[in-house]
Ligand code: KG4
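The chain below stands alone and is given as structure tokens, in the form predicted on its own.
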Amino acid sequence: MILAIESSCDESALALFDPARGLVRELVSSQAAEHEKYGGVVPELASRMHLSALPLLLEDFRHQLPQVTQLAVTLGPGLLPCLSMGVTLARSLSLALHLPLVGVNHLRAHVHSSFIAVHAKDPAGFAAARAALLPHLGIVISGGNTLLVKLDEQLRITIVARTVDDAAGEAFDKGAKLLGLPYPGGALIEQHAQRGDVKKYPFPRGIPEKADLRMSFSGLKTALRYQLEKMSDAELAVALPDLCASYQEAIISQLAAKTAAALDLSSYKSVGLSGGVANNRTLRTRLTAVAQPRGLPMLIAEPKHCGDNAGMIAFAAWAEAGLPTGAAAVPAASLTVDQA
């Protein structure tokens, strides 16, 4: 079994994965409440909290450590002080328990997280089930990254499109801050948007040309700021649902349009959605509406596997190595994301 450690940002997480059964156990310690005081993640504080949380999480796995045959840890991308906490723990365990250790790229793990449910449904038949879904267009949308990637039949990952500036998740959080909503504000924008009019404010769509798959969200934030400068606090309070709905629509419509364009430019057998922003219900619905008319299954990571979590790290370590069920070790491998 594989024990994985995740500490790339503000979530401390451990997970145990059995290729024959799936994810056996997953624990996450969130720091969101502490960082809310500062309006965003403070790396030094986050690393200190990892230092406290990771040993406590490991204690909960103590009785299962004799069953572990493999260790995996997030190597990046992420906040260096935070990553170092997880890597230090993983290396210490590897030396103490004489277990092989593999480093996992956080973004690649997000891509593979869309397949965790496929494996859980039929672990023994996973290889064949995954093969039938490749090549796969993965959509990774988080606070730090917005990518469309191709996962091919050889499990190579190539970037198809990406944002040229801010990530969609960053646009959500910074837009929420402009609107006076607390951190993390993306979910609050979605909540207010449910009562708003998506056409009330014509916010711009970055790089609207269909042939250009690049995405851009920085201009959207600027447009929101200019709009808010025209409004009093009383006007903002009344218009908040419409502002949130229009702002969210500008983000999601761009993501949907670029996904549709990518699907029209190449051949895929499935589409996947992962990353922290993938928990947005409107986004899930809109991207499903892009995939299904084209006859493509939509693989959306489960909510608990959308944010930073160790389950996807353990699964990616196994899935990337192509291990058969019951194999004892994952060889060290380069888990980088290739450029298109």
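Residues carry their position along the shown sequence, with the first being 1. Note that this is a predicted model, so its numbers are computed, not measured.
This protein has a second form, the form predicted in complex with this ligand, left out of what is shown; the following refers to that one.
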Contact flag, T69 vs this ligand in the predicted complex, heavy atom cut 4.5 Å: no
Are any of the heavy atoms in E11 no more than 4.5 Å from a heavy atom of this ligand in the predicted complex? yes
Report yes if any heavy atom of T163 sits within 4.5 Å of a heavy atom of this ligand in the predicted complex; otherwise report no. no
Exercise: Y247 in contact with this ligand in the predicted complex, heavy atom 4.5 Å: no
Counting only non-hydrogen atoms, which stretch in 269-277, 290-298, 45-53, 61-69 is within 4.5 Å of this ligand in the predicted complex? 269-277
Hey, with this ligand in the predicted complex, do T74, R108 and E153 all fall inside the 4.5 Å heavy atom range? no
Note which of G78, G143, G86, G175 lies within 4.5 Å of this ligand in the predicted complex, where distance is taken over heavy atoms; exactly one does. G143
Of G196, G206, P135, P184, which residue is found within 4.5 angstroms of this ligand in the predicted complex when only non-hydrogen atoms are counted? P184
Between 148-169 and this ligand in the predicted complex, list the residues on our side with a heavy atom within 4.5 Å. G169
